[in-house]
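Below sits a lone chain in structure tokens, taken as the form predicted alone.
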Amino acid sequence: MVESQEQGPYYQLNDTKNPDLLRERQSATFDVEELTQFVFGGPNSYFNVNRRRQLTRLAYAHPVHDTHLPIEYLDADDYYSVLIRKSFIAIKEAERYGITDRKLLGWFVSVFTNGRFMFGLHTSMFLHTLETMASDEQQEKFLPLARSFQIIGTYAQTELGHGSNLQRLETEAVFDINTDTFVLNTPTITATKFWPGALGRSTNYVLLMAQLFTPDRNHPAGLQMFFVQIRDLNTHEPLPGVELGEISTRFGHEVGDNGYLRLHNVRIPRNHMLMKLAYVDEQGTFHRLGDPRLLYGTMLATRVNLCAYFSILLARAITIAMRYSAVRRQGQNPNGKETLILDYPLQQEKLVPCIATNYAFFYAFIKLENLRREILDSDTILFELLPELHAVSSGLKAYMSSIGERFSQTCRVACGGHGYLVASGIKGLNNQLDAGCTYEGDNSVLYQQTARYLLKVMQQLDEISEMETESSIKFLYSTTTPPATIINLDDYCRLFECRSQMLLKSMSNRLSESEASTYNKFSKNSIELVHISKAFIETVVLRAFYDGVRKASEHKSFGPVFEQLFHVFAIHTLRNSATDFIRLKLLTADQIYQLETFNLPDMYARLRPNLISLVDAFDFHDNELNSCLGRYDGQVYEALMERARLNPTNRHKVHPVWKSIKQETKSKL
């Protein structure tokens, strides 16, 4: 049934009702659908836009979407009830349509619930961990239950006192040889599992990361993963020894149902430790079976997927802001007419770097996803490349979430006061990107992990003369000289590569000459190490974008547009780190002044006719944007009024409190 659904765009040009927005679309120098298919189309593409359109149409055709008010008008309990109901309906609909592929299923349930699927961790980390870390016997027993949602789980790793520092997690699993069970405890307040999504009210199982002690409390065996039931499957009540609940309200993910979990002498069978990589026998002897590096496979896959997620969030924000800017008029020009705010250079200065960066992000993610597939989806996992995947995914997750958060806020401000409304759709996106700066790894910590890897690479430069495979670090082994002037796009890439290489070499030499301990070396230089990691990641993103631009050059209509976007991303990124390029004598202050003062505004002017079509190419359904300001038809003010009238407080022409006040006042007169 999915295959029979329409694959064409959601909207046509004649769906545009606002005349200003229509003129913008008519001014484009390329066909929007052609660009969409180039970037996001094809069955082998990660985004597979045609299949995504099919799933989206199926999801939004369900009548449940017309049964409740907009989410900002629901109280906490009603909001939770709506999302739980929608999540279960989404599961049933996916089953009815035969959607079994993991990625397609994730898309469908996310669209169905407007990005608020309550069991996202179940379908991602919970299932993925069972598939990669459970033994064949455990998979045969647990996976059918999990895939059919007879059990619903989450991933319980982060604790109240420890997040990124996994080795210091305090939750304990002590083997009891007399009962052939593990005894689970959170022995301190800081051992409390804290933050897992859907733990507060929704899940009945967890995959619990805990310190294993076997054959008794005096013999630590390191971190292991345990399959733990926390609620009764019939009543949904917490089991004995289990304390759990929701944590405080979050800034983002308003109903993520993030929870806490404390365990007091909870017993689970010995065979509920995930046993693909290690197991404990009946005598309590610990046996290692596989490479312990596989423990981190789930986190790596999650960070890669987050990079796609952050790109999509920013794309939604810039779509809303750009469309609104093509509708909103503000300020009077010499002819006595109001000016379209997208015509102001200051508005272009806000938004054009956002869209250029967004296209760069998509290409950087695709390069990262290809690396992940090469390493983790092969018949044999390429362990020798895992450090590179870890370093690049960590750095990209940190860079894309932090830049995305900053640019989404820029989009919010670019929409003026209306942008602050929940109905604008942007503030919610900004909140989600803000949350992304700390979950699944604090960005500062992730940058430092990238730096550690890069410094190890620098130490091996004399041993390896050439990389055997295409790699994100290949440029570190080259002897490329920096260009004296910027003539073509590749010159930007060489500039950034030389900058990254020089910063790394300088730091590597400094650390090798220092007699301090390794810990003190890294601690003292941590600020600079984070900066070096950002410089490396900017180089990776720029080179990935350059590869995309070269492919786009085969298309005469939008090839030049991609080159213009590349110039904007490169110059905007370069000027934010101008000190590096001047200090390292890669560019002069006058050269940078020329780029940012003349070249950059010139690119804005060239891109101006295509700005709306560039965001239209992201191909979002209006329901996905959930924005009064970003509607495809451009009827912004009608939508704002319609949303305002739905506010439940307007059901009273006079609020009851005013009636009582008036009565009190009248009685005194």
Partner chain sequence: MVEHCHTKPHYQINDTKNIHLLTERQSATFDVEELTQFMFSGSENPFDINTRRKLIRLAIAHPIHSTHLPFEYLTADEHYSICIRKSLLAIQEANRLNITNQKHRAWFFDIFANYYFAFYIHTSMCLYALENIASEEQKQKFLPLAQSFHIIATYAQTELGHGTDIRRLETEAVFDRTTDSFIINTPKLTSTKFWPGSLGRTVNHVLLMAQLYTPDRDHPCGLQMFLVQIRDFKTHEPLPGVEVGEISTRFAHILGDNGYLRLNNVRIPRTQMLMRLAQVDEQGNFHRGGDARLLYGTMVHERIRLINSFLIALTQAITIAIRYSAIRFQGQNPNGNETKILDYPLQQEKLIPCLSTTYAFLITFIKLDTYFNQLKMNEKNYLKQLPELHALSAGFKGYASSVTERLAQICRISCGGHGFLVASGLVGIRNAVDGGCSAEGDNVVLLQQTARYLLKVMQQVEENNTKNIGSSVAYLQMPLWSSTTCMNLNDYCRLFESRSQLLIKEIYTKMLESSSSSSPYDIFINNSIQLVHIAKAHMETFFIRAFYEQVGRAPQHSTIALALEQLFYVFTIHTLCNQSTDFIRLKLLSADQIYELETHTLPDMYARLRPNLVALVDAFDLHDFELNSCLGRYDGQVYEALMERARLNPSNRHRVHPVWLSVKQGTLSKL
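Just so we're on the same page, rigid core means the largest C-alpha set that superposes within 1.5 Å between forms. Residue numbers count along the first chain shown, from 1. No experiment lies behind these values; they were computed from the predicted model shown.
Not pictured, yet referred to below: the form predicted in complex with its partner chain.
The candidate site formed by 333, 437 and 445 is fully in contact with its partner chain in the predicted complex, as each residue has a non-hydrogen atom within 4.5 angstroms of it. In short, of 386 to 394, 525 to 533, 270 to 278, 368 to 376 it is 525 to 533 that has heavy atoms within 4.5 Å of its partner chain in the predicted complex. Its partner chain is not shown here, but in the predicted complex it comes within 4.5 Å of a heavy atom of residue 590. Remark: residue 417 counts among the residues lining its partner chain in the predicted complex, judged by a heavy atom distance of 4.5 Å or less. In the predicted complex, its partner chain sits beyond 4.5 Å of every heavy atom of residue 556. Remark: residue 245 counts among the residues lining its partner chain in the predicted complex, judged by a heavy atom distance of 4.5 Å or less. For the residues 287, 96, 236, 217, the 4.5 Å heavy atom test against its partner chain in the predicted complex is passed only by 236. Only one of the listed residues (119, 566, 107, 142) places a non-hydrogen atom within 4.5 angstroms of its partner chain in the predicted complex, and that residue is 119. Taking its partner chain as positioned in the predicted complex, the residues of 421 to 435 that bring a heavy atom within 4.5 Å of it are, in sequence order, 421, 422, 423, 427, 430, 431, 434, 435. Residue displacement note: residue 657 has its CA displaced by at least 2 Å between the shown form and the other one (rigid core superposed).
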